[in-house]
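Single chain ahead, by itself, as structure tokens, in the form predicted alone.
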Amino acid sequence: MSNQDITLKVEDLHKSYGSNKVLKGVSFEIRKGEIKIICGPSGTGKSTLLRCLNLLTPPDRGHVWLEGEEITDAGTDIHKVRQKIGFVFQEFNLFKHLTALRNVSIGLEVVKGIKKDEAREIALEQLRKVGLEEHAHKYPGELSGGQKQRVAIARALAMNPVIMFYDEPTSALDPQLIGEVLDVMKKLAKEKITSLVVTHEIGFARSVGDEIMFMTDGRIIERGPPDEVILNPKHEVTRNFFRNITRLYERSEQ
């Protein structure tokens, strides 16, 4: 593969809040069509990393390239960068006063300047893709948590991003609703949509991930094929993490 195949490249990324060093030199790259998974304990900088990559939070130092363009350069047009990145948050972040359809279409009109009728058709197609076409007229208050997250995924996809970021997209959902969101994400994985996914859903990671990066204390301490990292980790902290996650799932399924 050539450098042209690298969608995202991250080099020595650092971020602190006062004396709290959250990111301590994170580096990796994602090639076109790859799905990379970030796992690790809470509070280790995973969400901060995604926010730095999307420039929602400026990193203190380090470099990020998106499709070969350094987006951490001072002259970068942040709005153009964000148009290329689909971001699915933990808490959905839908407009409560807009229908599912308008939640998906409004960005196309406002950000991309697409005419209302065309934006509506694109939005309907994306809602169809996540299995919510029949709920297009409903407001967020009329939808389940899983449906809201699927609307959020449709909204991100509608912008035709070059990469999707998912920040623990099932963490705010009731257990019985997690599956419907993961099913949509698995379907999208088959379409080889380049993605970076922060998740504790180990079954999902093993079934769709090209690589798992295990993060703790602001650093990626090991990475590799999902089965290798989950079943045969090199570090004790990684071993304990996956052992505890496995026990948690075993209890929840009893």
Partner chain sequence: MNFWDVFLLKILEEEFWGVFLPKILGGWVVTVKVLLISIPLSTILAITLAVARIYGNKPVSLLAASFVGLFRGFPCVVTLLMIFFALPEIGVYLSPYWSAVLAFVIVSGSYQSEYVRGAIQSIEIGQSFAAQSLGMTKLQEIIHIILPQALRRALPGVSNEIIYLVKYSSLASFIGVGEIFAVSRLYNSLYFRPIDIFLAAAVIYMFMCTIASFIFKVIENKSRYPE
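Keep in mind that what you see is a predicted model, and the values were worked out from it rather than measured. Residue numbers count along the first chain shown, from 1.
The same protein also has a form predicted together with the partner chain, omitted here; what follows describes it.
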property: Contacting member of Met159, Ile122, Leu182, Ala136, with respect to the partner chain in the model of the complex [4.5 Å, heavy atom]; result: Met159
property: is_contact(Asp174, the partner chain) in the model of the complex, heavy atom dist at most 4.5 Å; result: no
property: The partner chain contact in the model of the complex: Asn54, any heavy atom under 4.5 Å; result: yes
property: 4.5 angstroms heavy atom contact with the partner chain in the model of the complex for Arg155; result: yes
property: Close approach of Asp73 to the partner chain in the model of the complex, 4.5 Å, heavy atom; result: no
property: Answer range among 76-84, 166-174, 128-136, 114-122 for contact with the partner chain, defined in the model of the complex as heavy atoms within 4.5 Å; result: 76-84
property: Sequence-ordered residues of 106-125 touching the partner chain in the model of the complex, heavy atom within 4.5 Å; result: Ile106, Gly107, Val110, Val111
